Ligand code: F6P
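A single chain, nothing else alongside it, follows as structure tokens in the form predicted on its own.
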Amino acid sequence: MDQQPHPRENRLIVVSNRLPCVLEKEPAGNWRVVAGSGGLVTALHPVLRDRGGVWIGWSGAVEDPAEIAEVLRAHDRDVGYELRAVPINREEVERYYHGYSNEILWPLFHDLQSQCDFLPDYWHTYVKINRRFAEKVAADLRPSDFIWVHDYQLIDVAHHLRELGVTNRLAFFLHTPFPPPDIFLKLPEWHVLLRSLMAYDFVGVQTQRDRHNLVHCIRRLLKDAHVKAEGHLHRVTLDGRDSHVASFPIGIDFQDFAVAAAAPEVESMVQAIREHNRGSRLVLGVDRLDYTKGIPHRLRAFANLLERFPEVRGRVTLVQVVVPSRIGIPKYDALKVHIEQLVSEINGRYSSVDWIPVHYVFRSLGRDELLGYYRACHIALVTPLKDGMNLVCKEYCACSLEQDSVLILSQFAGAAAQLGRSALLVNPNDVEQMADAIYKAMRMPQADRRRRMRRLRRNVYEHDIHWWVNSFMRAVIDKELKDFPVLEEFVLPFDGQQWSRAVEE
């Protein structure tokens, strides 16, 4: 009988641009390690902790790599798995991360090729850093390790791993959209990146649209590739090896958001927000500062609402939260100025003695404050020009404990494929349509609001972050989370029978 390998011999190796923690240097010169957050960390931390895996990524610091490695080794004991930092200096950050990743791939993959800056040095540094990531992965790699690489910054890692002789199972997940061939072709290095994607054994994308675009690119641009549909997968045979492509829409930790939103401190914040805005329906926008989020379009739509429907003046307030991002980069600085000009114009034109139409917040929100806004606001306006998924809409639904709110969602957000039937779908380029949607949401009967939100919450609940990991791992390596040590059970604030009944009413 064959001896089963020790669990530690069969590890999950997660590779992402950033580690699941942030290193901050204190005034005294000591390092402080702050735990990361987000869906990926929530989902994969317990798997790595209980299975003895490795997380590889950049620490966010440009100091001495040996010093960073020592700090992380001490932190390994706290998290229960190994953290390996890939060193990147300040010049490389500018060219690999700010340059190729975010001035070329990010806008191109969001159909905004006019924002691209195709500088050759960016590409050379991107290849160099992807090679460095691959070398870090290959070091101390065991034959049974499964390697899972994440996102557009690291597309080229598989190519280098194969060159280094790595034969392990390699999987990749793209968290952004994937463009159609006519846009992807604008990338000077499209051929290298597309073939590198096919060096993975498995490529996951967010939506069926992204899968269609990727498969279309392969069929049209790689003449020596053979593509065959196999159920919800597409098998691609290229250079004598097979790769599979499929879509897996990422979710959130419904448990975490629903329970945290019910906390007393959040409840107090909800009451304070509503008391301060008594008599107004609150419309919420929460976005990172980025030109893909459609914030100026949203502000113009809100101005259109106030202009065309004067009866809502004094009865509706837009709370627009913009989280600072890439400060110092001219395109983003200009966007910030443009947003602030639009806010000023709207408030200057429509404000009254006791009412200001737009409440603008430019800073990161604390968790309780964010959850307070999610619960207090009657309408969420999630209207990106294009998004891989957009998890703000899912977080908003999870926090809608009263189930008496409305989601207005861009048809170009990846989440629209899942939530579109119960949300109000809009084209963010059509400001009148968005204004009409806000007006409709304000006048929507309560029974309709509750019915829609119950369906939205059920969808988010059933397709949470753990469902996403299960689906992906089942497709790639025929494993599920139940094959790992059991995670803590999620207990809803009411029993499952009540949940089903509440959702289906």
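Note that residue numbering begins at 1 and tracks the sequence as displayed. For clarity, a rigid core is taken as the largest C-alpha set superposing within 1.5 Å between two forms. If you're wondering where the values come from, they're calculated on a predicted model, not measured in any experiment.
The same protein also exists as the form predicted in complex with 6-O-phosphono-beta-D-fructofuranose; that form is not shown, yet it is the one meant from here on.
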Checklist entry - Heavy atom to heavy atom, is R11 within 4.5 Å of 6-O-phosphono-beta-D-fructofuranose in the model of the complex? => result no
Next on the checklist: Given that 6-O-phosphono-beta-D-fructofuranose is not shown alongside this chain, does Y97 nevertheless sit within 4.5 Å of it in the model of the complex, heavy atom to heavy atom?
Outcome noted: yes
Checklist entry - With the cut-off set at 4.5 Å between non-hydrogen atoms, does Y152 touch 6-O-phosphono-beta-D-fructofuranose in the model of the complex? => result yes
Next on the checklist: Although the partner isn't part of this model, could you tell me whether N304 comes within 4.5 Å of 6-O-phosphono-beta-D-fructofuranose in the model of the complex, counting any heavy atom of the residue?
Outcome noted: no
Checklist entry - From the list L40, V469, I438, I56, which entry has a heavy atom within 4.5 Å of 6-O-phosphono-beta-D-fructofuranose in the model of the complex? => result L40
Item to check | Selected contact from H75, H159, R326, H216, since only one has a non-hydrogen atom within 4.5 angstroms of 6-O-phosphono-beta-D-fructofuranose in the model of the complex | outcome: R326
Item to check | Among 178-186, 99-107, 259-267, 224-232, the region lying within 4.5 Å of 6-O-phosphono-beta-D-fructofuranose in the model of the complex by heavy atom distance | outcome: 99-107
Next on the checklist: Using a 4.5 Å heavy atom cutoff, which residues in 264-294 contact 6-O-phosphono-beta-D-fructofuranose in the model of the complex? It's fine if the answer is none.
Outcome noted: R288
Checklist entry - Once everything's superposed on the core, is W55 shifted 2 Å or more at the Cα between the shown form and the other one? => result yes
